[in-house]
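Here's a solo chain for you in structure tokens, the form predicted alone.
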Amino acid sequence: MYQKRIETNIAVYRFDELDAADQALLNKAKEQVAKSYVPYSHFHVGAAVRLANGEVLAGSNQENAAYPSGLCAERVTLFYANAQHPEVPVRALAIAGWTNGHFLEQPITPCGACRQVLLETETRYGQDIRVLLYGAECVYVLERASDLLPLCFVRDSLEG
């Protein structure tokens, strides 16, 4: 028997330490929380992606009385981007969460299903997706989505 260690590198920034492009992407995600449909959880999430062609697309979480028929902001945004621009890779994704009248103090992280979709999108294009997780106190930056999902299940897993 032996042990295997898995580590994830996360850079922690103040918002004002980020470059203008990252700040703009995070601001777009923050704007999207107002477009959430969350009558049950009251937990608003906004997401924004920057594509390889420079275009920015955004989305928000959408709930439904028939759980789990709703969809997280990350998946709304990624599926929209992939449907509208199937040939253009996603280069970055920003996520922001809002509840009880304010943005979360600590960065919000994607759920497991969203991590899997992020990983599939990264794998689909063979390019890393930079992930920016907003919190009022700090922003986490991961250089690739795969860092969010160690021991991941990808296309190669199906081939054995």
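Note that residue numbering begins at 1 and tracks the sequence as displayed. Given the structure is predicted, the values throughout are model-derived calculations rather than measurements.
From this point on, the text means the form predicted together with a small molecule, which you will not see here.
Only one of Q106, T109, Q127, T99 comes within 4.5 Å of the small molecule in the predicted bound form through a heavy atom, and that residue is T109. Contact check for E63: a non-hydrogen atom falls within 4.5 Å of the small molecule in the predicted bound form. Taking non-hydrogen atoms only, V45 approaches the small molecule to within 4.5 angstroms in the predicted bound form. In the predicted bound form, no heavy atom of N53 sits within 4.5 Å of the small molecule.
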